[in-house]
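Just the one chain here, the form predicted on its own, laid out as structure tokens.
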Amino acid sequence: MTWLVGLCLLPAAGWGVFLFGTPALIVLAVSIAAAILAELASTLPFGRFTLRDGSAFLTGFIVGLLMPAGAPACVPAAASAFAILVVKQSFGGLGRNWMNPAMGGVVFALLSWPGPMSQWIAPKGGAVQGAVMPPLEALRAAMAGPGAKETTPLAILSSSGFTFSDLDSQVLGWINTHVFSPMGISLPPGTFDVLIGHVAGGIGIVSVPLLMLGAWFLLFRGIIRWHLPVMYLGTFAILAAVFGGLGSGNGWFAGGPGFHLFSGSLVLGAFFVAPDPVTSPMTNKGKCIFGIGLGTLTFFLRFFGSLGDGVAASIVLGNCAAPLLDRWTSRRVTGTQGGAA
């Protein structure tokens, strides 16, 4: 299962390497190598070889995908080593860890190196003016400025001076002229770049369509169930749509949920991390409750917090409640067959 999950993440990883070049490839390689070395160092002395299960590779791979391409090599290395040695092996290895190792490593890096975790690289062919920032981070910076008077996230970014690529302008210009203009509407600048992932951001999370392609395969093969990711994304989208505009003074129903679903690590977290069978509830009812909780936590941390985009921290906090949800939602045996001994 772990090898298949890694395979499903390859298209998004390839897109990130294409956009950000050699720095992205170095971060991914260092992250995976550190995870594998940490796994070997913590298992070989005890006569165990556990690399075949793929969990160490997948942990390092996900840590690297969530990193900015400009991060120094020591940051993904430390995050992967922390994920394996502290989160996974110190609790007994695979199947005994209480939180997702990759998310634990990412949260560790966000808390320890907030500066390097924000060293973004402009995508190939992207417009560069001033500091390079992902749209989500730029939106946060613009919320306190005059651009926050607009009603949608992309409009706020445009009013604050954030620029998108020439390709975005050309594609949207043609679509607006030939498709939407007769209807009296138009797509705002940045729609195309955000949709396909032609923006700065984490190496493997900028392209939501490619992540969804891998997620579809996992659902089709039955490796994950729909309950948790659908409830996670649905809860977040509803909260963002209803309450997301309050922080900018735009009132109710002005949060732009589409922008937020295509920004940050929300899709990767919902389909590739949160359903981890070790750290998520086992019952369908528990998965639904878990997804609602994660969506709520991610909304509050993203809109009102400061620790990344809220996904990694939400999953780590949610993992604490997984055993309790299993206890609440599992069927209990109230008697024994054949009577008492």
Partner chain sequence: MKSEDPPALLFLGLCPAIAVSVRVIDALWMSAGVMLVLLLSGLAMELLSRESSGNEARHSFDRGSPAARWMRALVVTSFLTASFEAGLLALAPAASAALGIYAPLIAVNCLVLGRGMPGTHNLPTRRTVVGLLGRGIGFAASLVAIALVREALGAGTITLFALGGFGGTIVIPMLVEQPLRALGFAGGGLLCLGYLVAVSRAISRRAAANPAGGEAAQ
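Note that the structure is a prediction, hence the values are computed from the model and not measured. Numbering follows the first chain given and starts at 1.
Unshown form predicted in complex with its partner chain; subsequent notes refer to it.
Residue contact check for residue 112: one or more of its heavy atoms lie within 4.5 Å of its partner chain in the predicted complex. In the predicted complex, none of the heavy atoms of residue 181 sits within 4.5 Å of a heavy atom of its partner chain.
In the predicted complex, its partner chain sits within 4.5 Å of a heavy atom of residue 90. For the chain shown alone, residue 86 is a contact residue for its partner chain in the predicted complex, at least one non-hydrogen atom being within 4.5 angstroms. In terms of contact with its partner chain in the predicted complex, the residue from 189, 209, 234, 116 that brings a heavy atom within 4.5 Å is 116.
Only one of the listed residues (162, 120, 82, 262) places a non-hydrogen atom within 4.5 angstroms of its partner chain in the predicted complex, and that residue is 82. Judged by heavy atoms within 4.5 Å of its partner chain in the predicted complex, the contact stretch among the candidates 213 to 221, 154 to 162, 104 to 112, 194 to 202 is 104 to 112. In the predicted complex, its partner chain lies beyond 4.5 angstroms of every heavy atom of every residue of 213 to 233.
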